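Next up is one chain by itself, shown in structure tokens, the form predicted alone.
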């Protein structure tokens, strides 16, 4: 898939992270939310990371979804440790070769090279300070899918430690640690900032700008260069298709490529084929969610319904919730039964419900909220099993 560079946005964020912007508090932590598959991770790795490095920062990148079997706290610590080892380079290698456990950095700080990146070794603050001092440069820590840190106690502890590291390493006008947290679900990411007990209480969640007209213009230019016979390309039709794809470039570009494939043997313009593919994808996504919902047991449906309706206000076992479940299922529901239903929703593949280490719940895929809102708006909620007419047997009469 082609990469559409967003250098201006990346540079604006670098300026904000350095505390040089007139407004905002990105220097205290930048929290970016964007739906899945809309180009967030690509931007972080292909645009923001190079911009930070070009500006002189040492960048640590970790994706907490890369290995969901691992504890997110360990993933964060190990990413910092790997970068520190790379930065120390020959010094760390020589120390290990000679059997020394500690490397002295800047003549003061000692780091156990055998335990870098492990929670029982140097603290995250010590490791980040060591990285800053050894590199003689600011450190930028990018944590993709940061909300996943909240699913374990070690992950929560890592977030608290990063807040402490930020407070210790930074001073007004002198930023040594830049924190960038991204998430595909704004509601989950909010749990890092919106309560008194949240690690980054008071920070703001920013919605990452979606790819828009500039991206479409870039695609149109490429098409017209490679297929001069298609000029002028209907950019408005492609923009409509892109929006129908949920601004997801992977699906959009796949549809464009399929429509332009000589083997497709289109007899008309390619733009209508891309539009049709977008409508089909939208229908498939909605049909998949409907199928998953209808495949649930009645109590599981009621619990998921309540979660979709309440969002962050969801309390699974209070009296009002239990009355809701009873009303939808037609029978009394106890807290243990509701808990079993929640666990069943979490254990499905793919999971329908996400749980934090503090027993906070959210719908795993934020797209389901949009589906719920749309159906509610159109008066078609809840989904119902299709009614099939009984076969007519003349012999019965």
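Not measured: the values here are computed from a predicted model. Positions refer to the first chain, counted from 1.
The next section is about a form of this same protein that is not shown, the form predicted together with a small molecule.
**Student:** Which among 193-201, 132-140, 210-218, 289-297 is in contact with the small molecule in the predicted bound form, heavy atoms within 4.5 angstroms?
**Tutor:** Single hit among the candidates: 210-218.
**Student:** Looking at 328, 27, 40, 369, which has any heavy atom no more than 4.5 Å from the small molecule in the predicted bound form?
**Tutor:** Selected option: 40.
**Student:** Please tell me which of 123, 160, 250, 240 lies within 4.5 Å of the small molecule in the predicted bound form, judged by heavy atoms.
**Tutor:** So the residue touching the small molecule in the predicted bound form, by this definition, is 250.
**Student:** Please determine whether residue 2 contacts the small molecule in the predicted bound form, using a 4.5 Å cut-off between heavy atoms.
**Tutor:** Flag for residue 2 set to yes.
**Student:** Give a yes/no on whether residue 337 approaches the small molecule to within 4.5 Å in the predicted bound form, heavy atoms considered.
**Tutor:** Residue-level check for residue 337: no, no contact with the small molecule.
**Student:** Even though the partner isn't displayed, in the predicted bound form is residue 70 close enough to the small molecule, meaning a heavy atom within 4.5 Å?
**Tutor:** Judged by the heavy-atom cut-off of 4.5 Å, residue 70 is well away from the small molecule in the predicted bound form.
**Student:** At the 4.5 Å heavy atom threshold, is residue 348 in contact with the small molecule in the predicted bound form?
**Tutor:** Residue-level check for residue 348: no, no contact with the small molecule.
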